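Take a look at this one chain, the form predicted alone, written out in structure tokens.
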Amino acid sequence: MGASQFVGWHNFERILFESDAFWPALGHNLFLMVVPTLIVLPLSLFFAVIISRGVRGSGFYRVCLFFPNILGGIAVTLLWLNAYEPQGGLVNGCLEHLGFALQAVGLTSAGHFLIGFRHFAWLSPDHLYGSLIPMSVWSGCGFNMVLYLAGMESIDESYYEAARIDGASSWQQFRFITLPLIWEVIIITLVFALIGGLKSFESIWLLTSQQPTTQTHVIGTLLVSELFQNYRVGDATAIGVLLFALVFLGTLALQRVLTQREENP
């Protein structure tokens, strides 16, 4: 490939200040870090609390919620890729039939609105990242729920007995006993969410038919495109270093939050 030539910070300067794709890609990663997490973690905690209190059929619910994690990221993406098909996909089909049902009971406006999704392109560039939210919720709740359940089951029952004797409500027990004692687990799930959002690749790569554009790139797909499609090895390497730095600094910041909470409970 020719003799090597030291270029200093030139690759990083080109990526950070000249590239039209890096900052939008980073914005998409931040979206995947924040928006699904704000839904997945509270919902996972809710399911964990309900199951830990011995709701009927808790074993069945555990299996159902954890099942998507058995499939793996690629299988989940392919499953949702078919579900989001504009022609005959499961999502559009369910919305259309629900619309007809609403019209049959007199809710004409709502029914007409849902029928309008008959050929909706969920995976178009304008709607792709919104469509990833249901995927993230479906595939992420079970894993986080299991972590929260493990933390809750390690709490001594005597704490709850003492709280009940003192007249603490269920909400007060959760707020002052459960939540502080599983705080470390919550920080771990936040770290996983941060890393998962930054390293997103296969879902975007597959949902865009392996041809992501500036409007749909994340940092991982941008790195692969630069390396294997544009053959810009220096730029791809710089993106990889920046990705590592972002993951490292983000994890360090969350660990710092945990340390401060332990020092100042």
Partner chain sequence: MSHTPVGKSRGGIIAFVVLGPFLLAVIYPMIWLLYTSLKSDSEIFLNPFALPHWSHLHFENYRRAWVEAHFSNYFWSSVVVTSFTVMFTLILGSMAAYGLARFRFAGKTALQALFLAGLMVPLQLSVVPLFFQMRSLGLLNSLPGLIIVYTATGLPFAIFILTAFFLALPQSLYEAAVLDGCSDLRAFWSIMLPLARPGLITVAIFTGLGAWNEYFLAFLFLSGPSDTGLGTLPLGLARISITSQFRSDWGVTFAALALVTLPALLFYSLLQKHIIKGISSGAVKG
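Residue numbers count along the first chain shown, from 1. These figures come from a predicted structure and were not determined experimentally.
If you look for the form predicted together with its partner chain, you will not find it shown, but the lines that follow are about it.
Taking the partner from elsewhere, no residue among Gly116, Phe120 and Gln215 has a non-hydrogen atom within 4.5 angstroms of its partner chain in the predicted complex. Scanning Thr108, Ser154, Ser169, Ser158 against its partner chain in the predicted complex with a 4.5 Å heavy atom cut-off leaves one residue, Ser154. Note on the partner interface in the predicted complex: the residue among Ala104, Ala75, Ala162, Leu179 having a heavy atom within 4.5 angstroms of its partner chain is Ala75. Shown alone here, His97 lies within 4.5 Å of its partner chain in the predicted complex, counting heavy atoms only. Using a 4.5 angstroms threshold between heavy atoms, Ser209 counts as touching its partner chain in the predicted complex. Heavy atoms of Val35 never reach within 4.5 Å of its partner chain in the predicted complex, leaving it off the interface. In the predicted complex, its partner chain stays beyond 4.5 Å of every heavy atom belonging to Ser124.
Look at 108-116, 171-179, 87-95, 125-133: in the predicted complex, residues with non-hydrogen atoms within 4.5 angstroms of its partner chain sit in 87-95. The partner is not shown here, but in the predicted complex the stretch 208-228 reaches within 4.5 angstroms of its partner chain through a heavy atom at Ser209, Gln210, Gly220, Leu223, Val224, Leu227, Phe228.
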